[in-house]
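Alright, two takes on the same chain below, each alone as structure tokens: structure 1 and structure 2.
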Structure 1
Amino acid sequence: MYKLVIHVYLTFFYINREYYSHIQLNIGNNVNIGKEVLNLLKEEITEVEYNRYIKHLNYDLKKSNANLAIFYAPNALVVNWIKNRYTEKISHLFEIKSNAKVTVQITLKNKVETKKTKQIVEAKQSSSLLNTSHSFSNFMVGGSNQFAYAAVKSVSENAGNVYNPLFIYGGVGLGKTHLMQAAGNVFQDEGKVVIYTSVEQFLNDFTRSIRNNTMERFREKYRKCDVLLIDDIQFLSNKEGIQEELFHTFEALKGDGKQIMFTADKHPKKIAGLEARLQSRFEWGLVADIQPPELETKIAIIEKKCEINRVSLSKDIINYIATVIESNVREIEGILSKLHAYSQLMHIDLNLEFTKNVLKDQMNENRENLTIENITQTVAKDLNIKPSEIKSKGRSKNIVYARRISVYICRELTQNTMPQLAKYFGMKDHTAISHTIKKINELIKDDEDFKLKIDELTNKITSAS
């Protein structure tokens, strides 16, 4: 039954795509920068992610301009999903393509843009890329995240004076970005100049400034703001130039009593390849962790997301989803989006049986779509080496380490046989693979940090699909 649903679902998107592309054709032969940007994005994300969400976006050539990019998505939950996960990335890719700061708006096709929303968008163009839907009021607090919540909240009420810097760390999808942006939104509403950036974007900005000889402007921007929020600090690992720049930015801001906040997927001490002076500064203020949510918090989060997205689900369905989802809150949004789309298209009431099928289908699909390539890519990115090096005959310590981890995770998460893995990773035969797996299992047993690393990577890989 649900196979049929999927078919209808996809057909719906297909028809939409045809419809929109027809509109675009009528506009003329302008270069469709929106499409080009989505093509760039395609290279950075998994095929499944692309096909499931990004592919269905349509760029409005007519209404978009040099500072505003408008994309249409087929339903409200897909709008939200893309808004939360990709807006920043898309905006950044626009910046790369056009060299201008672009505000990205993801919206429903028939939502007419009023004069007021246009003014708001224009006002925000000069500021940072904060997602305004990330607020304290829609962040559900429970034992797992109350420490981080309290820390961020108190910083938002007293910038520069309580914990400076504030460093929040925790696994994927546990609400770090949400909290950081909630504080950012408070500051922004108070009229402060807030910069919210990922490490990647900070690095790109830095490199571009060196290339274009505009370091002066770069420093003016980052050292003169009121609040600097940098997300996913772990990506600084082994990038020396940008670490040095961040160090001086930090010194300048801290000296002026300006608030700084960081997030990362692990404690600063555990981030490899960081300059000691930077590492120690990360711990100067307060370091707070976020743990995976308990069942009650998950239920509260699902209820909140349902309310925000105007989806109504019965108590037993909510409880079921909360039990099935292990920790990554982001997955909840994917599931709600899917349930909502199915129920709307099929005009059926959601019951528990149907929900179970949809979820089972999603889990299987996630697993089926995992390939050796995308696992290797994620491992390589995380460990700062090239995917091709993992497949090479390289014997350096880093490469061997990454290769072993990739072999192990591929064996855990895909259906590939040992000979198939041996062939892919350029190893002698299946005994080399089984030897590697044995070694990794021993390490997992003996070394808690190593186990955490494997869990973190597995989480990243499965949540990206």
Structure 2
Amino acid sequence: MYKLVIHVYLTFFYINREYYSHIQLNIGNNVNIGKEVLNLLKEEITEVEYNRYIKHLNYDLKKSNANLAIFYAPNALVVNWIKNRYTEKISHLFEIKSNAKVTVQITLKNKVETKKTKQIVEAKQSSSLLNTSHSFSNFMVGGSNQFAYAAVKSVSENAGNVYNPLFIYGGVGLGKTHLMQAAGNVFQDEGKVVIYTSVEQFLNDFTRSIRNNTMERFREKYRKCDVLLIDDIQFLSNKEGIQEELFHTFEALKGDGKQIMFTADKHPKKIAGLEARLQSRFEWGLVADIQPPELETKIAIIEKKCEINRVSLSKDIINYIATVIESNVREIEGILSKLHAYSQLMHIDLNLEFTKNVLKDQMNENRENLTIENITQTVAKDLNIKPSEIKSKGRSKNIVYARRISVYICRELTQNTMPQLAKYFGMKDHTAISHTIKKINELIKDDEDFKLKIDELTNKITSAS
């Protein structure tokens, strides 16, 4: 009788071994081991990679067991990416947690490949042009770009339903492409078919398709995507054939409720050689501009770039770089690379004096031809008042502020005497000039923000001369 009981028990145990293994793997301590493993992986990879791929995995509690861990991914791109890079690592982490060899399976929940999945894979080559480091989280927002940022962010959360098309314009290096690609990365993470291209690439594809008699494939690619992002639309100027094709592509996508986004260096109305009907389509949704960043935003951008590139700079160096760069924030990474390279090759610690010497080309100081008029016009433009108001007898706070700054910079950068400056600015005599300069020096000493403003204006004036 005793042997019979033992036999029944062992039979029951082996029949239900997979069940107990499942319990051991998934229910122990009421913890989902799949989530635990992904949390361990999160500590070993970059935040960008985790947020872009790993966090979208779902662990199958019911089908997984002691020997098999099944994760579902939202689309084929995520499946392939994780399979190629992290399957072995995830398996190793399971072994650490469960003390057993586990086969990791990354798959789509529906293994039957749909037409949508095929489109995603076929669009991979175009969407791979997206820079994965461009995200909303590392885009520095300030007064100069806040509206554009909010518009693109809104579109990324509600594709095809708000601001369609969205047209972003502004000068070189101000962040248009960063914002566009940040939205593209969000869409791609959601499994949408994203086509990101420049006008030049769009034109090359168009020309090649005509030459090879493959226009049907061209139209299938650009008109069947979920999101179309086109950079530097101003280069469409006077290209009639490609404008015609883009117009029909626009109509097809818009009619299907697909999201369209463009960037350019100027407002659609100011792009010469653009068909009127295409110009009107660009303005159908929302047109938003990005202005050159104000000083505070430039400082924040430099600090963020230092963090990303692991470059350690003191506050005075960061402030100095912010005053040297007038508008093109794309220069920042180049400057940081240059400083780092000089420091490493010459075995010199980075300090302000060394930084100024390295960046003297950026300064382009040429003070010989500076005039009071040049300086006054630059200050007036920056402070949004008229040059004539600076020379007037006006006593409003903003006019007095601009006049004092102009006097100070003129005294610093030109050979004009105090009586000459007094005459130009309509002030009583040289004592008034002396008092103004003393007042500015006190502000520079006591107010770091004011000092930075003076430095920025000074560098802007000398760079433009």
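Quantities reported herein were computed from a predicted structural model and do not represent experimental measurements. Here, a residue number simply tells you its place in the sequence of structure 1, counted from 1. In this text, the rigid core denotes the largest set of C-alpha atoms whose superposition between the two forms falls within 1.5 Å.
Colleague: Pick the form predicted alone out of these two and give me its number.
Modeller: Number 2 is right.
Colleague: Comparing between the two structures on the rigid core: C-alpha of Pro165 shifted by 2 Å or more?
Modeller: No, Pro165 moves less than 2 Å.
Colleague: Answer yes if the CA of Leu295 moves 2 Å or more between the two structures after aligning the rigid core, and no otherwise.
Modeller: It does not reach a 2 Å shift.
Colleague: Rigid core superposed, CA of Phe94 - does it shift 2 Å or more between the two structures?
Modeller: Yes.
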